[in-house]
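For reference, the chain that follows is the form predicted alone, supplied as structure tokens.
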């Protein structure tokens, strides 16, 4: 079985064991695309492994769009262990697509440090307890509903997830900035291109949780830093 040499193959027991943080870590190390191939639906040895993988990969794809990275750099496909020819077809097709998109970061006009910052914030976001809980409940909310018996459509879940992702990424970006040095709301607003009132809301929430503290003032502007 021969295929393009650009791909490095990493085997796992089940695609359900692939964590979104692993995908983002790969991008942080400079890979241009991530191709994930697993068993066909209904054929998972772990029953729901590939369903959970699809949920996690969908969340990662949505997150990539939010931080400005082409979501086509991530692809999840299905095949059986006997489909060697299909593996070659998917690998070569994906490689062709990535070559057309270009090197990682081409979509983002800023420098590589901006890309690294966004990926670090995204990785921190997917490692948060909130996002892990939400993605773990996705299938349950669509099939069985919440504790009130309300079922959600895929579209409704997607809208909810996009809102949570945007909030979590913004919060993680703020934390990364305050980790460097104390900053005012205006400073943070300019660095991550968010309206000051939204930055203030996020900082207020972090202060209530004891994550951020008031460090001092710069003239009349309060300065905030991470809690030591």
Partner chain sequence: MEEVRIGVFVCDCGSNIAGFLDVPEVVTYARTLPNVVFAKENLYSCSETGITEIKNGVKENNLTRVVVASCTPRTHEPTFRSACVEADLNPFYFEMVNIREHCSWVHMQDREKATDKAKDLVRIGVAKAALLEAQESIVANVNTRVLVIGGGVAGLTAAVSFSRRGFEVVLIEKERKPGGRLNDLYMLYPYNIKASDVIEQKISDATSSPLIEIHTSSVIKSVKGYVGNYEVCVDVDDGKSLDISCGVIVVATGASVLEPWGLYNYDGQNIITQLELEKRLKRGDLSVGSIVMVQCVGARIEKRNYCSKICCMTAIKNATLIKEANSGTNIFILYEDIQCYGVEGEALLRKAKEVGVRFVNCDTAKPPAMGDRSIKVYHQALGREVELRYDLLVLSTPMIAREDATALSRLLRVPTDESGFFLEAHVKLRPIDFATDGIYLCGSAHWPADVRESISQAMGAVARASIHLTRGFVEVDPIVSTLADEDLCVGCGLCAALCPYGAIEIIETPKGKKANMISVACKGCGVCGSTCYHRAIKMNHFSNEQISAQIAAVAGS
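Residue numbers count along the first chain shown, from 1. Every value quoted in this text rests on a predicted model; they were computed, and no experiment measured them.
Note that the form predicted in complex with its partner chain isn't included here; everything after this is about it.
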- Task: Would you please decide whether residue 112 lies within 4.5 angstroms of its partner chain in the predicted complex, comparing each non-hydrogen atom pair?
- Result: no
- Partner proximity in the predicted complex: residue 129 to its partner chain, non-hydrogen atom cutoff 4.5 Å: yes
- Can you check whether residue 49 is within 4.5 Å of its partner chain in the predicted complex, heavy atom basis? yes
- Item | Distance check, residue 197 to its partner chain in the predicted complex, heavy atom within 4.5 Å | no
- Task: Could you tell me which of 133-141, 101-109, 149-157, 70-78 sits within 4.5 Å of its partner chain in the predicted complex, going by non-hydrogen atoms?
- Result: 133-141
- Task: For the three residues 65, 85 and 97, verify that every one has a non-hydrogen atom within 4.5 Å of its partner chain in the predicted complex; reply yes or no.
- Result: no
- Message: Can you work out which of 177, 26, 192, 166 has a heavy atom no more than 4.5 Å from its partner chain in the predicted complex?
- Response: 26
- Residues within stretch 14-51 having a non-hydrogen atom within 4.5 Å of its partner chain in the predicted complex: 14, 16, 17, 18, 19, 20, 21, 22, 25, 26, 29, 31, 45, 46, 47, 48, 49
